[in-house]
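Consider the single chain below, provided in C-alpha coordinates and representing the form predicted alone.
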Amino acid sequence: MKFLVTGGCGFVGVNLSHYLVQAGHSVRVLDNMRLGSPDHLEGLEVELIEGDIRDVPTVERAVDGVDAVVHLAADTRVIPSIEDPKFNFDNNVIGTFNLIEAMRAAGIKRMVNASTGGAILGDVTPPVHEGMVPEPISPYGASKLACEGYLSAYAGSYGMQAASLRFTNVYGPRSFHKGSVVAHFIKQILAGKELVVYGDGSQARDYIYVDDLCQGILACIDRGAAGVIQLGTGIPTPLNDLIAVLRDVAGQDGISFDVRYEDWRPGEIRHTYGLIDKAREVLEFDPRVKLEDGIRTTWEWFRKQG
(Lines give C-alpha, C1' and ligand atoms only; values in the text may rest on other atoms or scores of the structure.)
Protein backbone atom coordinates (compact mmCIF):
# COMPACT_ATOMS: atom_id res chain seq x y z
CA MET A 1 0.00 0.00 0.00
CA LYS A 2 0.95 3.63 -0.39
CA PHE A 3 0.50 5.69 2.77
CA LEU A 4 0.37 9.42 3.33
CA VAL A 5 1.66 10.29 6.78
CA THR A 6 0.92 13.89 7.77
CA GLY A 7 3.31 15.26 10.35
CA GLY A 8 5.66 12.54 9.19
CA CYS A 9 8.81 14.36 10.32
CA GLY A 10 7.58 14.41 13.90
CA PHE A 11 8.32 11.84 16.56
CA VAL A 12 5.49 9.38 15.90
CA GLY A 13 5.58 10.08 12.15
CA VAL A 14 9.27 9.20 11.78
CA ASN A 15 8.89 6.01 13.79
CA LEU A 16 5.74 5.07 11.85
CA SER A 17 7.44 5.74 8.50
CA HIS A 18 10.25 3.36 9.48
CA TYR A 19 7.68 0.80 10.64
CA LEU A 20 5.64 0.99 7.41
CA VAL A 21 8.68 0.78 5.12
CA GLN A 22 9.97 -2.23 7.03
CA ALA A 23 6.53 -3.82 6.56
CA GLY A 24 6.85 -3.42 2.78
CA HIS A 25 4.69 -0.33 2.23
CA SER A 26 5.59 2.91 0.46
CA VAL A 27 5.31 6.20 2.31
CA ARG A 28 4.72 9.82 1.37
CA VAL A 29 5.30 12.35 4.15
CA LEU A 30 3.67 15.78 4.46
CA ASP A 31 5.20 18.09 7.06
CA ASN A 32 5.52 21.86 7.46
CA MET A 33 8.85 21.46 9.31
CA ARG A 34 7.71 23.72 12.15
CA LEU A 35 8.94 21.13 14.63
CA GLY A 36 10.25 18.36 12.41
CA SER A 37 13.16 18.20 9.98
CA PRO A 38 13.96 16.22 6.83
CA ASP A 39 17.05 15.04 8.70
CA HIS A 40 14.77 12.89 10.85
CA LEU A 41 14.00 10.76 7.77
CA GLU A 42 17.62 10.45 6.65
CA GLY A 43 18.41 7.06 5.15
CA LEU A 44 14.72 6.14 4.76
CA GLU A 45 13.25 5.75 1.27
CA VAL A 46 10.17 7.98 1.46
CA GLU A 47 8.67 10.75 -0.65
CA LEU A 48 8.68 14.08 1.17
CA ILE A 49 6.37 17.05 0.58
CA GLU A 50 7.15 20.15 2.60
CA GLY A 51 3.89 21.98 3.23
CA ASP A 52 1.08 22.77 5.62
CA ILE A 53 -2.28 21.04 6.07
CA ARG A 54 -3.83 24.52 6.25
CA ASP A 55 -2.93 24.98 2.56
CA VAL A 56 -5.56 23.29 0.38
CA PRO A 57 -3.53 22.87 -2.86
CA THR A 58 -0.68 21.27 -0.91
CA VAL A 59 -3.06 18.85 0.78
CA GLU A 60 -4.68 17.94 -2.54
CA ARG A 61 -1.26 17.16 -4.02
CA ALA A 62 -0.31 15.11 -0.97
CA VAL A 63 -3.33 12.77 -1.12
CA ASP A 64 -3.06 12.13 -4.86
CA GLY A 65 -2.49 8.44 -5.54
CA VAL A 66 -2.34 7.16 -1.96
CA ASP A 67 -4.33 4.24 -0.56
CA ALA A 68 -4.60 5.36 3.06
CA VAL A 69 -3.81 8.32 5.28
CA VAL A 70 -2.39 8.42 8.79
CA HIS A 71 -3.07 11.91 10.11
CA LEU A 72 -0.57 12.92 12.78
CA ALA A 73 -0.04 16.61 11.95
CA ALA A 74 -1.41 18.73 14.78
CA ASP A 75 -0.66 21.28 17.45
CA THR A 76 -0.65 18.94 20.44
CA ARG A 77 0.40 21.30 23.23
CA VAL A 78 -2.18 21.76 25.99
CA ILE A 79 -0.86 24.87 27.75
CA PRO A 80 -0.05 26.79 24.53
CA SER A 81 -3.56 25.98 23.27
CA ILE A 82 -4.91 27.86 26.29
CA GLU A 83 -2.63 30.80 25.53
CA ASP A 84 -3.43 30.84 21.77
CA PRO A 85 -6.62 28.87 21.00
CA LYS A 86 -6.95 30.23 17.45
CA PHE A 87 -3.58 28.82 16.40
CA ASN A 88 -4.59 25.45 17.81
CA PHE A 89 -7.99 25.57 16.06
CA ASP A 90 -6.52 26.53 12.69
CA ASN A 91 -3.98 23.71 12.75
CA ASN A 92 -6.15 20.96 14.17
CA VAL A 93 -9.69 21.61 13.00
CA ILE A 94 -9.25 23.51 9.74
CA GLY A 95 -6.22 21.44 8.78
CA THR A 96 -8.10 18.18 9.38
CA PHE A 97 -11.13 19.42 7.46
CA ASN A 98 -8.90 20.31 4.49
CA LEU A 99 -7.46 16.80 4.58
CA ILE A 100 -10.72 14.85 4.68
CA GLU A 101 -12.24 17.07 2.00
CA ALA A 102 -9.25 16.34 -0.25
CA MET A 103 -9.60 12.64 0.52
CA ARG A 104 -13.30 12.73 -0.34
CA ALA A 105 -12.57 14.42 -3.69
CA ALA A 106 -9.87 11.86 -4.46
CA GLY A 107 -11.97 8.86 -3.43
CA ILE A 108 -9.67 7.79 -0.59
CA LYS A 109 -11.58 5.95 2.11
CA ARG A 110 -9.12 4.66 4.69
CA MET A 111 -7.78 6.94 7.39
CA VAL A 112 -6.34 6.81 10.89
CA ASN A 113 -6.54 10.05 12.84
CA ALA A 114 -4.38 10.72 15.88
CA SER A 115 -6.66 11.84 18.69
CA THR A 116 -6.21 12.03 22.45
CA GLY A 117 -7.89 10.67 25.54
CA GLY A 118 -7.63 12.77 28.68
CA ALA A 119 -7.79 16.14 26.96
CA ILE A 120 -11.11 15.23 25.31
CA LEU A 121 -12.80 13.62 28.29
CA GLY A 122 -11.73 16.16 30.90
CA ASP A 123 -10.83 15.53 34.51
CA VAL A 124 -12.94 12.38 34.98
CA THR A 125 -12.42 9.41 37.26
CA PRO A 126 -10.28 6.82 35.46
CA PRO A 127 -10.18 4.38 33.84
CA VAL A 128 -11.55 6.19 30.82
CA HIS A 129 -13.21 4.45 27.89
CA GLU A 130 -14.74 5.23 24.51
CA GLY A 131 -18.29 5.41 25.86
CA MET A 132 -17.66 8.36 28.20
CA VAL A 133 -19.24 11.74 27.49
CA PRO A 134 -16.54 14.19 26.34
CA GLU A 135 -16.03 17.32 28.44
CA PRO A 136 -12.75 18.90 27.25
CA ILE A 137 -11.16 21.46 29.57
CA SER A 138 -8.61 22.87 27.12
CA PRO A 139 -8.85 24.21 23.55
CA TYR A 140 -6.56 21.37 22.48
CA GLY A 141 -9.05 18.80 23.77
CA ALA A 142 -11.91 20.65 22.10
CA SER A 143 -10.10 20.72 18.76
CA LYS A 144 -9.47 16.98 18.84
CA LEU A 145 -13.11 16.33 19.73
CA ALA A 146 -14.19 18.44 16.75
CA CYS A 147 -11.97 16.34 14.47
CA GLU A 148 -13.48 13.13 15.82
CA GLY A 149 -16.92 14.55 15.09
CA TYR A 150 -16.09 15.42 11.49
CA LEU A 151 -14.61 11.99 10.86
CA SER A 152 -17.72 10.35 12.25
CA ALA A 153 -19.84 12.55 9.97
CA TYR A 154 -17.72 11.73 6.91
CA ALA A 155 -17.96 8.02 7.71
CA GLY A 156 -21.74 8.29 7.90
CA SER A 157 -22.20 10.59 4.93
CA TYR A 158 -19.48 9.48 2.51
CA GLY A 159 -18.49 5.96 3.58
CA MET A 160 -15.06 6.89 4.86
CA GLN A 161 -13.36 4.20 6.99
CA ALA A 162 -11.98 6.61 9.55
CA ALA A 163 -10.66 5.61 12.94
CA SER A 164 -9.75 8.13 15.61
CA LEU A 165 -7.15 6.60 17.87
CA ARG A 166 -7.01 8.21 21.28
CA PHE A 167 -3.31 7.92 22.03
CA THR A 168 -2.08 8.02 25.57
CA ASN A 169 1.42 9.43 26.34
CA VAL A 170 3.74 8.13 23.63
CA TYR A 171 7.50 7.89 24.22
CA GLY A 172 10.50 6.26 22.60
CA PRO A 173 13.54 6.86 20.38
CA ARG A 174 13.67 9.62 17.75
CA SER A 175 11.85 11.99 20.14
CA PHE A 176 14.62 14.60 20.44
CA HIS A 177 12.38 17.53 19.44
CA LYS A 178 9.33 16.29 21.37
CA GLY A 179 8.20 18.27 24.41
CA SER A 180 6.27 15.55 26.25
CA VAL A 181 7.37 14.48 29.67
CA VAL A 182 9.66 11.51 28.98
CA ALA A 183 11.66 13.23 26.23
CA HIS A 184 11.73 16.52 28.12
CA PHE A 185 12.93 14.94 31.36
CA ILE A 186 15.65 12.94 29.61
CA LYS A 187 16.92 16.05 27.83
CA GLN A 188 16.94 17.98 31.11
CA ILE A 189 18.85 15.22 32.89
CA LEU A 190 21.47 14.93 30.15
CA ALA A 191 21.89 18.72 30.18
CA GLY A 192 22.60 18.61 33.91
CA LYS A 193 19.43 20.51 34.81
CA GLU A 194 16.83 19.86 37.49
CA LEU A 195 13.40 18.46 36.70
CA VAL A 196 10.39 20.68 37.40
CA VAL A 197 7.16 18.94 38.44
CA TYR A 198 3.92 20.93 38.53
CA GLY A 199 1.96 19.47 41.42
CA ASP A 200 3.05 16.83 43.89
CA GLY A 201 4.04 14.17 41.36
CA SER A 202 1.02 11.99 42.06
CA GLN A 203 -0.51 12.76 38.66
CA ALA A 204 -0.77 9.56 36.66
CA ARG A 205 -0.52 8.88 32.93
CA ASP A 206 -0.58 5.86 30.65
CA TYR A 207 2.79 5.68 28.84
CA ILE A 208 2.93 3.66 25.60
CA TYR A 209 6.12 2.81 23.73
CA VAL A 210 6.12 4.06 20.16
CA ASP A 211 6.64 0.65 18.51
CA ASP A 212 3.51 -0.67 20.24
CA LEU A 213 1.63 2.38 18.98
CA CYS A 214 2.80 1.80 15.38
CA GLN A 215 1.61 -1.78 15.58
CA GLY A 216 -1.85 -0.55 16.57
CA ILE A 217 -1.98 2.04 13.77
CA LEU A 218 -1.14 -0.48 11.05
CA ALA A 219 -3.59 -3.00 12.49
CA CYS A 220 -6.25 -0.31 12.25
CA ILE A 221 -5.65 0.13 8.51
CA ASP A 222 -5.33 -3.61 7.83
CA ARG A 223 -8.64 -4.36 9.55
CA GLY A 224 -10.58 -1.38 8.23
CA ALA A 225 -11.38 -0.27 11.77
CA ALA A 226 -13.52 2.82 12.28
CA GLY A 227 -14.75 5.02 15.10
CA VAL A 228 -13.03 5.97 18.33
CA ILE A 229 -10.52 3.51 19.79
CA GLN A 230 -8.26 4.05 22.79
CA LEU A 231 -4.65 3.04 22.34
CA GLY A 232 -2.42 2.74 25.37
CA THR A 233 -1.27 0.14 27.86
CA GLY A 234 -4.12 0.45 30.32
CA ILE A 235 -1.56 0.93 33.11
CA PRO A 236 -1.47 4.18 35.14
CA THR A 237 1.99 5.39 36.17
CA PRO A 238 2.33 8.27 38.68
CA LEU A 239 4.89 10.89 37.66
CA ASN A 240 6.97 10.16 40.74
CA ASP A 241 7.20 6.51 39.66
CA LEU A 242 8.37 7.60 36.21
CA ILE A 243 11.03 9.75 37.85
CA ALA A 244 12.12 6.75 39.92
CA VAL A 245 12.62 4.72 36.72
CA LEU A 246 14.64 7.58 35.23
CA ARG A 247 16.80 7.75 38.40
CA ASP A 248 17.55 4.05 38.07
CA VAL A 249 18.36 4.24 34.34
CA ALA A 250 20.45 7.42 34.64
CA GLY A 251 22.17 6.10 37.76
CA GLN A 252 23.50 3.14 35.79
CA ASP A 253 25.51 5.72 33.81
CA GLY A 254 26.58 7.54 36.97
CA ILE A 255 24.19 10.45 36.41
CA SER A 256 22.02 12.00 39.14
CA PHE A 257 19.52 14.86 39.10
CA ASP A 258 17.35 17.03 41.35
CA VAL A 259 13.58 17.53 41.23
CA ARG A 260 11.74 20.77 42.07
CA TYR A 261 7.99 20.82 42.75
CA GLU A 262 5.78 23.82 41.89
CA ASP A 263 2.05 24.63 41.92
CA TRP A 264 -0.41 22.80 39.68
CA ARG A 265 -1.07 24.35 36.26
CA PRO A 266 -4.63 25.06 35.05
CA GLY A 267 -6.07 23.00 32.19
CA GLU A 268 -4.03 19.85 32.81
CA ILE A 269 -5.53 16.47 33.67
CA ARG A 270 -4.22 15.09 36.95
CA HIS A 271 -5.03 11.38 36.67
CA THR A 272 -5.90 9.47 33.53
CA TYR A 273 -5.48 6.06 32.00
CA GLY A 274 -7.73 4.10 29.74
CA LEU A 275 -9.32 0.74 29.18
CA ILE A 276 -8.02 -0.83 25.96
CA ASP A 277 -10.59 -3.64 25.73
CA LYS A 278 -11.93 -2.35 22.41
CA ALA A 279 -8.44 -2.17 20.89
CA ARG A 280 -7.71 -5.71 22.04
CA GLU A 281 -10.96 -6.98 20.52
CA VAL A 282 -11.06 -4.99 17.25
CA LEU A 283 -7.32 -4.77 16.50
CA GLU A 284 -5.97 -7.71 18.53
CA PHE A 285 -3.82 -5.00 20.07
CA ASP A 286 -1.23 -6.25 22.52
CA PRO A 287 1.27 -3.69 23.86
CA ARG A 288 4.36 -5.60 24.92
CA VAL A 289 7.08 -3.13 25.93
CA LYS A 290 7.33 -2.62 29.69
CA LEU A 291 7.93 0.93 30.91
CA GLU A 292 11.35 0.12 32.39
CA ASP A 293 12.54 -1.44 29.12
CA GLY A 294 11.12 1.34 26.95
CA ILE A 295 12.64 4.09 29.10
CA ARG A 296 16.04 2.36 29.00
CA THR A 297 15.91 2.08 25.18
CA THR A 298 14.84 5.72 24.88
CA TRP A 299 17.60 6.86 27.26
CA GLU A 300 20.22 4.95 25.28
CA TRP A 301 19.02 6.53 22.03
CA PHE A 302 19.36 10.02 23.54
CA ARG A 303 22.81 9.20 24.88
CA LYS A 304 23.95 8.11 21.41
CA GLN A 305 22.79 11.45 19.97
CA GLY A 306 25.26 13.29 22.19
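Note that residue numbering follows the sequence shown and begins at 1. What you are looking at is a predicted structure, and each value in this text was computed from that prediction instead of being measured.
Absent from the display: the form predicted in complex with a small molecule. The rest refers to it.
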The small molecule in the model of the complex: contacting segment from 182 to 190, 129 to 137, 169 to 177, 150 to 158, heavy atom within 4.5 Å: 169 to 177
Contact label in the model of the complex: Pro238 to the small molecule, heavy atom within 4.5 Å: no
Exercise: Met111 in contact with the small molecule in the model of the complex, heavy atom 4.5 Å: no
Partner contact for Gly294 in the model of the complex: the small molecule, 4.5 angstroms, heavy atom: no
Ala73: touches the small molecule in the model of the complex, heavy atom cutoff 4.5 angstroms: yes
Full three-residue contact with the small molecule in the model of the complex, heavy atom 4.5 Å, for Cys9, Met33 and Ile53: yes
